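Just one chain is shown here, as structure tokens, and it is the form predicted alone.
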Amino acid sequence: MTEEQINSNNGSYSAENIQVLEGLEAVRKRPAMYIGDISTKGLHHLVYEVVDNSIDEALAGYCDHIEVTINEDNSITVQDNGRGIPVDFHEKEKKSALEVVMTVLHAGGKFDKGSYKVSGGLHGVGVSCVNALSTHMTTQVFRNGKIYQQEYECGHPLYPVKEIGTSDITGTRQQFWPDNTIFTETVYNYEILATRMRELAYLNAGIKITLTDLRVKDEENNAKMEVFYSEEGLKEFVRYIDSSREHLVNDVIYINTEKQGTPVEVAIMYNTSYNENIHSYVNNINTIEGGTHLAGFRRALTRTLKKYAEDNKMLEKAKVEIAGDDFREGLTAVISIKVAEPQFEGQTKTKLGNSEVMGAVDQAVGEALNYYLEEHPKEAKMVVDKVILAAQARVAARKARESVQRKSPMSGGGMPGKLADCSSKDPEECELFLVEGDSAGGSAKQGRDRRFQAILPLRGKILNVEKAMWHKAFESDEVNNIIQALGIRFGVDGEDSKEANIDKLRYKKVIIMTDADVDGSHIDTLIMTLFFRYFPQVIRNGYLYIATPPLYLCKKGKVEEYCWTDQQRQKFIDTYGGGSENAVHTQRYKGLGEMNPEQLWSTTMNPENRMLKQISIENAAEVDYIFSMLMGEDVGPRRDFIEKNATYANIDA
């Protein structure tokens, strides 16, 4: 069937459009290859795969409402009002098209260009992968005035597709139970799903996504529910990300066009901060490593702004050379493009490689931005003035770095004097502990394994880089010590670039180790903000961790046990104290300095026993919003966030 035939058939979608690429056998054997991992990330990815199918129906113009439900038994239901998966006979596979879609990897309408011009999803592994990794799955299709159903166990159909009733709606309803013999975590996190559903609603204007959690009921027995819907799409998205920042210009520069056959949607805002925050998407997939669409955007932004400033003689008095980074300081932008056949590269397969996209985005952004600047001279001047300030700060940052390198007292090899380095020089096995306070730093130095563990004590709270101009970080001793200990460089090869270079990173594990109290949590957040804003590559590569020292040492007679949670402590009381707190001696650790070197080693630093929390960027736009809200100037949103989330935190007053 040709594309012309399909298009002339009013967008018909039937068994003939379903193409089969390969079988399903390997998914259960190597699940991480298909969904990333088998912990929390992979568990939630199952939901995204099913929702992506519904989004594809919406992109094709056949669906505008998707309902996602976390059921009381922790199964997931996703229902849309699209056309419904075809149920007619598939000639090649000799079975229903529905069964082919549900049981064969890489089978679906996405590979037939007539059915879907573009589609999201993770490289088309789709719903069959979800089926393979679920103990049970039930699919219902509402189509042709009828309801069709098929059930599966671990990807195998329990019976042929059958008719079970009539219906006056169309769409697909999927319910699945993740396999607890495969996943290390099978309890869904509402906030993780809400973040992705919100993002999808912004990226796909006009689609309503409902998220319901039947596990949580209010006083009137109503389930927790949120509706995500965006009328203006990326315009609202960029305002949401920037909602806790002070706007330099209140306008959103918005572009929604098609160039060279590529749909391009971009929203741009300038704020008074000193960070660049660009979030890019291809077919709804967050391309955290960027790619050709991001390169096209940056090229157009630099070229257009520079030409406007030069034509209007705005740079003559500045007496400073303007670089690409300067045009992006205080910029928040979201780029969303649709590509029929995306080619992904990079370590995490989230870098777009399609060369033709660069020119399309460059042209679209250049034209729209040039028009905006010409029509808004007052706002244009504010942006250019901000660019000049950024250039001056960049030069100041270089001088600050050079000054620090000349003056600071360094141990051998240009390292900070307080760093107790390890003997190994292999970054793959080396660990750097960033430790709160000299006292705990002393215990850590005595308790560590000197062969592969390095200790850098931090004095007090480090600079809040969210509020500081770029060059101020390099004037801070604590920030400089971290940068130099890690071996991170900025502005290599004679450039004053803000892009961190981690090619010579000296440790592939960086572990934040602070007290289990409010100050410790604040220091954790300050350090994470530094990494996210100045060298996010360390987080993206999975190198940043938080140590979790125990909260309690419980004793009853000769029995001693460290407890990391209140639940573990209660279990000890129930087991050894007969449920009475008075029968058990509990020592509460508020500071790392309360532990001697042997205790610190055995509980928090020994790879055999310790528990580390890996810091990851699942959703860069949401992380961007949270950091700017928590660490920025605006108190209101921060208070609301703390009040909303206080019940989930274990913080000592």
Ligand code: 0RA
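For clarity, every value in this text was computed on a predicted model and none was experimentally measured. The first residue of the shown sequence is 1; numbering continues from there.
Keep in mind the form predicted together with this ligand is missing from the figure; the text below concerns it.
With the partner omitted here, the residue from R143, R448, R303, K235 that has a non-hydrogen atom within 4.5 angstroms of this ligand in the predicted bound form is R143. Contact with this ligand in the predicted bound form, judged by any heavy atom within 4.5 Å, is made by just one of H279, R196, R394, R83: R83. The stretch from 47-55, 581-589, 34-42, 621-629 that comes within 4.5 Å of this ligand in the predicted bound form, counting heavy atoms only, is 47-55. Proximity of Q484 to this ligand in the predicted bound form falls outside the 4.5 Å heavy atom cutoff. Proximity of T172 to this ligand in the predicted bound form falls within the 4.5 Å heavy atom cutoff.
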